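So this first bit is one chain, no partners, the form predicted alone, shown in structure tokens.
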Amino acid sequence: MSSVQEEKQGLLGIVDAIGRFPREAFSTWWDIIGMISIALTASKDIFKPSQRPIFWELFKDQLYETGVRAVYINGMIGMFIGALMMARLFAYFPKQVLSTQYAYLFVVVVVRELGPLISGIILIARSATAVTSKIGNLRVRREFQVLHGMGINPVFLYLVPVFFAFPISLCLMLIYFDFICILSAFAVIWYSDPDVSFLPFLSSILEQISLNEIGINAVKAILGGMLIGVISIHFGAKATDSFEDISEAISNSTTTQLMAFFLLNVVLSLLAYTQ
């Protein structure tokens, strides 16, 4: 009889383990949607004259830390990809098709896909983990309760600046990446073939960038930056008991951000570019 009960318990354990993941995933994404709603609601305080200077200072600091200071890492990776991949690819195209095949391939590989993906990964690794750690530390030290006691809304102080700064930062990072990738690719190409002129090289690429490309990249940056920012704060706020919760929050946050950002990019690319 005991063996039958053990088998039933084992079966129930397997069923519970299988069902736990979708339940937790649904609960997590429901909470994230709720945080987006909370951020949009709290954003109305930006228009209050007493709150606007506070938001503006916090927003500028977050934008500087997230978007401006990321120029060196975005630039370095863009330089490597331009010099090592796109410059070598140029050698396989004859000069008479430079304005079509190579420029089109550059836009497809760099502007459409690599730029948004790599910039998003850098945003997650460099800035989102820092936000998760910061929020986790505040939660563990019970500082949000102190702010509530003082009549200060922590959502306005910590969520709203990230909610607006991350999308703009990701837009800036895309621009850094694409521009430096073009410059580094041309530098290597010019070194091997000094007859190549920069302006025709640049114009051939710019001609291939349509308004549709710009619009899709803007949507990827806005939605992706918003998701990354909200997810980082969501998991940071779940660290409530000890500092060990913070490391777990960072791990869970990074995993969720990568999955969400990759899925968003794939879906938008399929919707926009699949004929």
Partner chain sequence: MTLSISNLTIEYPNASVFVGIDLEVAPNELVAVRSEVLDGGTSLLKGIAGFLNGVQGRVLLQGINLLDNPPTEVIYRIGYVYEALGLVSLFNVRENIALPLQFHSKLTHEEIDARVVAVGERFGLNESIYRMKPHELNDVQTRLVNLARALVVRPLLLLVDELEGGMSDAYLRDTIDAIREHQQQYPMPVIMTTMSDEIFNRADRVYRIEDRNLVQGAA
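Residue numbers count along the first chain shown, from 1. Because the structure is a prediction, the values reported are computed rather than measured.
Not pictured, yet referred to below: the form predicted in complex with its partner chain.
In the model of the complex, its partner chain stays beyond 4.5 Å of every heavy atom belonging to V68. Interface membership of A39, defined by any non-hydrogen atom within 4.5 Å of its partner chain in the model of the complex, is ruled out. In the model of the complex, its partner chain sits within 4.5 Å of a heavy atom belonging to I152. Contact annotation: R88 falls outside 4.5 Å of its partner chain in the model of the complex, judged by heavy atom distances. Residue in contact with its partner chain in the model of the complex (any heavy atom within 4.5 Å), chosen from L147, L105, M76, L183: L147. Contact with its partner chain in the model of the complex, judged by any heavy atom within 4.5 Å, is made by just one of Q51, S247, T28, S43: Q51. Note that among 138-146, 124-132, 168-176, 184-192, the stretch whose heavy atoms approach its partner chain to within 4.5 Å in the model of the complex is 138-146. With contact defined as any non-hydrogen atom lying within 4.5 angstroms of its partner chain in the model of the complex, L58 is the only contacting residue in 55-91.
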